[in-house]
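A single chain, nothing else alongside it, follows as structure tokens in the form predicted alone.
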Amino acid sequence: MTTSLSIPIVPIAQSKLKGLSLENLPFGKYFTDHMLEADYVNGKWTSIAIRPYASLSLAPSMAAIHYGQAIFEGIKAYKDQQSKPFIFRPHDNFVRFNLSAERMQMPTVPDEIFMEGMMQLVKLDQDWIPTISDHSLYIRPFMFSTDELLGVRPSDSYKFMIILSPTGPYYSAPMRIWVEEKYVRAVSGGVGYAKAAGNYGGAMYATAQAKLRGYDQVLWTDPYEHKYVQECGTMNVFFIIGNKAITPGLEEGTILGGVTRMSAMTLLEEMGLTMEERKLGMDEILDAYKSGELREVFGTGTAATVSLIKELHYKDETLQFDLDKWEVAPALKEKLSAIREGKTADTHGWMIPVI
């Protein structure tokens, strides 16, 4: 953070936390007492304030509703063993947020609004951070266009906000995954690398079709041959083949560069695996499965953390895994959780204290 910013705070009269247990919370259902709000008008960020969480008044002609200029991020806050609040790698999310903003022709958000605003908001509502394992305070920064005008062009005005939600695990059980061969999430030159709201809306139909077949999520493939893997639902995906950890590369711009993905890559190398970030086809995955070399498949993400995949269905093939024999994914999840919850030393500087 480079500049100190004094942000007006309007405190809530009475906290909603009283009487609410922070244990076993569903993802994204409950929200804390306060939110941060800022408006971009006439080329400047203005009206920056933290105030009680409340509904917004929006015009029916608001540009974001009609043309989809909307982006967001997902970040998590934890408490260490002394109940001090920390945020996991927030600067990486800040950088990615502004990368998304540039791709969607939106203004970038300054460090002092995004980072300092988030710090002040989390500090104010730190009592909402669960201290239970696999639980956290989910931080949702987002921005959308607010011009009250119909017309396909970048908006002149925008609203940036941060809301907070205490939550438990996103995927609590190992997943069955359908390898998607018809619908696509992203193409080279598109917005797949941006955390744009439309990416998630566009994925819902294929996901719903997979669920009708009895699967939990889809593994996206490339749009041309439908055989090179991309993302898995809302997660990055990893394959443990022999002593290698392989995850699809980002060079084509079709995959969101996850912060948890980066963290997992670092920890997997520290665990003694050879980390490969490259193009990975289903034929290679099938061959590795049939030879017994494909040991584990799992997803990573801010919401999901590390989620086990117990089955993949591709064409006429069903790949099933004995989770009781897995070592890498459970160890990775344990290491990541230990760092986030302050149970082990953070030698990477990932945990940023809320002061």
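It should be emphasised that the depicted structure is a prediction, and the values quoted were computed from it without experimental measurement. A residue's number is simply how far along the shown sequence it sits, counting from 1.
The form predicted together with 2-OXO-4-methylpentanoic acid exists for this protein as well; it is not shown, and the discussion that follows is about that form.
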Using heavy atoms and a 4.5 Å limit, would one call Phe142 a contact residue for 2-OXO-4-methylpentanoic acid in the predicted complex?
-> no
Taking heavy atoms only, is Pro169 within 4.5 angstroms of 2-OXO-4-methylpentanoic acid in the predicted complex?
-> no
Can any non-hydrogen atom of Thr254 be found within 4.5 angstroms of 2-OXO-4-methylpentanoic acid in the predicted complex?
-> no
Classify Phe31 as contacting or not contacting 2-OXO-4-methylpentanoic acid in the predicted complex by the rule of any non-hydrogen atom within 4.5 angstroms, answering yes or no.
-> no
Can you work out whether 2-OXO-4-methylpentanoic acid is within 4.5 angstroms of a heavy atom in all three of Phe88, Arg261 and Gly342 in the predicted complex?
-> no
Heavy atom contact within 4.5 Å of 2-OXO-4-methylpentanoic acid in the predicted complex, the stretch among 244-252, 223-231, 281-289, 67-75 | 67-75
Position in contact with 2-OXO-4-methylpentanoic acid when the complex is considered in the predicted complex, options Trp326, Trp45, Phe27, Tyr53, heavy atoms within 4.5 Å | Phe27
Students should find that, of Phe94, Tyr193, Tyr138, Trp178, the residue having a non-hydrogen atom no more than 4.5 angstroms from 2-OXO-4-methylpentanoic acid in the predicted complex is Tyr138
Residues of stretch 199-232 in contact with 2-OXO-4-methylpentanoic acid in the predicted complex (4.5 Å, non-hydrogen atom) | Tyr200
